[in-house]
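Just the one chain here, laid out as structure tokens, in the form predicted alone.
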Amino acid sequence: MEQLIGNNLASVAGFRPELVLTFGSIALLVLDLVLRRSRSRRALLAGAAVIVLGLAAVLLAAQSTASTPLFNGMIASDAFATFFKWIFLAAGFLTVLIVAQGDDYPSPRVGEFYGLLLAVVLGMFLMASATNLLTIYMSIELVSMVSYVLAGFRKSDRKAAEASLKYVIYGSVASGVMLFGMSYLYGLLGTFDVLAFAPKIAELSATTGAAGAATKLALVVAVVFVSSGVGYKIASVPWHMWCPDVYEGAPTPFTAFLSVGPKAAGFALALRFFLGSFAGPMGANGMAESIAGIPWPAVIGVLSAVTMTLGNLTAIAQTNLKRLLAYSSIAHAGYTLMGLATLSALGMQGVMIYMLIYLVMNLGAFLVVIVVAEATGSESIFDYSGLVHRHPLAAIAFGIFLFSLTGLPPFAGFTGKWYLFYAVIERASGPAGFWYGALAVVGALNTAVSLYYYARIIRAMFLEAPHVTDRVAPKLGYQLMLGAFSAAILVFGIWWAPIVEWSQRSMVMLRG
């Protein structure tokens, strides 16, 4: 017992950023009550949220990147988790800046939003670090339950209420299925520690006879059920159905955050779950190609192909920009799954690079939607006609983000897709080359499809006459953010060495 307590106390030093987010979230909710009558409460609350995120960033920067188990192996502190935590902090910080200037959140309740947003960031921190089935479940639930509230934050908006209800229903089903799968895993393997799974799974996979067949079937069912929780967070097929309605109904600043933060956290968890606990040591030929006789790379590859194809084909028919970007987000989950399907170091790096770039280009795209919606009250693609004449900066920035989302050079999105496709093509030359060659072809065809519906928006902005005459006049803060996002996309589309080097240094994952 003394050893247990001593380990927990020693682990606090590696848990300081999470503690700051925990107490900061509580403090913001209290501060919201204290400043209820203050005229400058909105600015003060935004400043407090930025301070909390900034303090968490300082502590994260000062933290050692050595791979260390914390709290008796419940979570891991390593370079891999730190990489994703920076993405989560950036997403939270940028969302606070967007909300501080926007009209989506009424002043009397904005403090509640900031407090809950920090709680979601805390949950994503835990998702990236979780190495135990219990912490995996609790971190996903923390992110999910708070997100249900934030999706329906505008209580008087029927679309927001509908979005929140659908989010709760789909999320509850996914969580229940995942928990059922976890119970199977614990029953089969006798441990909650995912880092101890690999040798036990290898032992079960080697069993023969009728009992061995039943055990393998149970193991496959358990892995599929647990994967449903991860698939729900990244919005991959068939767990994607909540995504379009929630993205459309939720307040747009939270939709922007939801499209990048939880998705990156889901992929961090998926990488640790499959590569860190199931696949064995990282190496050219060290990856497990099957679990209980099932070729999981091929399964994930098929899931990737179906996800990107459904997302892109369905996006073609959309006229609401938030729904279009929702289906686009599903398609991008499919692209990113290509990296996971390779079960290789290069695929892992591709996922990390793509999630970092996706943060900038997708938040930027949603920021343009916010700017236009505040000016016109509409999210329809038809109201983007002639946007270049009404606000050139918004139109040019949106064009940069859309070309980057397509993956065209010289934009940063090309860098992300290059590494994902490179990982797949590298595996195509191996023993299972047919699967990976087909996946690369499907990915290339889907990229061409995505160009079609992104080009519709670009054509409307630059080539069509405006349907409305309202001039879009975004706030100065919005213009600075659009300029910064656009510059980042252009710079890292040409000079991507810093991103690649950072991702290479961060590919150190705690292992059993």
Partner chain sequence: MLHVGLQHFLVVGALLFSLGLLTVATRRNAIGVLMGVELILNGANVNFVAFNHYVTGGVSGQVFALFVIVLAAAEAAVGLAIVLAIFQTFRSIDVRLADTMRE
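Numbering follows the first chain given and starts at 1. Model, not experiment: these values are computed from the prediction.
If you look for the form predicted in complex with the partner chain, you will not find it shown, but the lines that follow are about it.
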Among 263 to 271, 365 to 373, 396 to 404, 147 to 155, the region lying within 4.5 Å of the partner chain in the predicted complex by heavy atom distance: 147 to 155
Quick one: from A79, L195, L165, V306, grab the residue that has a heavy atom within 4.5 Å of the partner chain in the predicted complex. L165
Among L97, V302, V173, A90, just one has a heavy atom within 4.5 Å of the partner chain in the predicted complex, namely V173
Although the partner isn't part of this model, could you tell me whether N320 comes within 4.5 Å of the partner chain in the predicted complex, counting any heavy atom of the residue? yes
For D383, is any heavy atom within 4.5 Å of the partner chain in the predicted complex, or not? no
Is F83 near the partner chain? Define near as a heavy atom within 4.5 Å, in the predicted complex. no
V360 within 4.5 Å of the partner chain in the predicted complex, heavy atoms: no
Taking the partner chain in the predicted complex, which residues of 161 to 190 have any heavy atom within 4.5 Å of it? A161, E162, A163, S164, L165, K166, V168, I169, S172, V173, S175, G176, V177, L179, F180, M182, S183, Y184, Y186, G187, G190
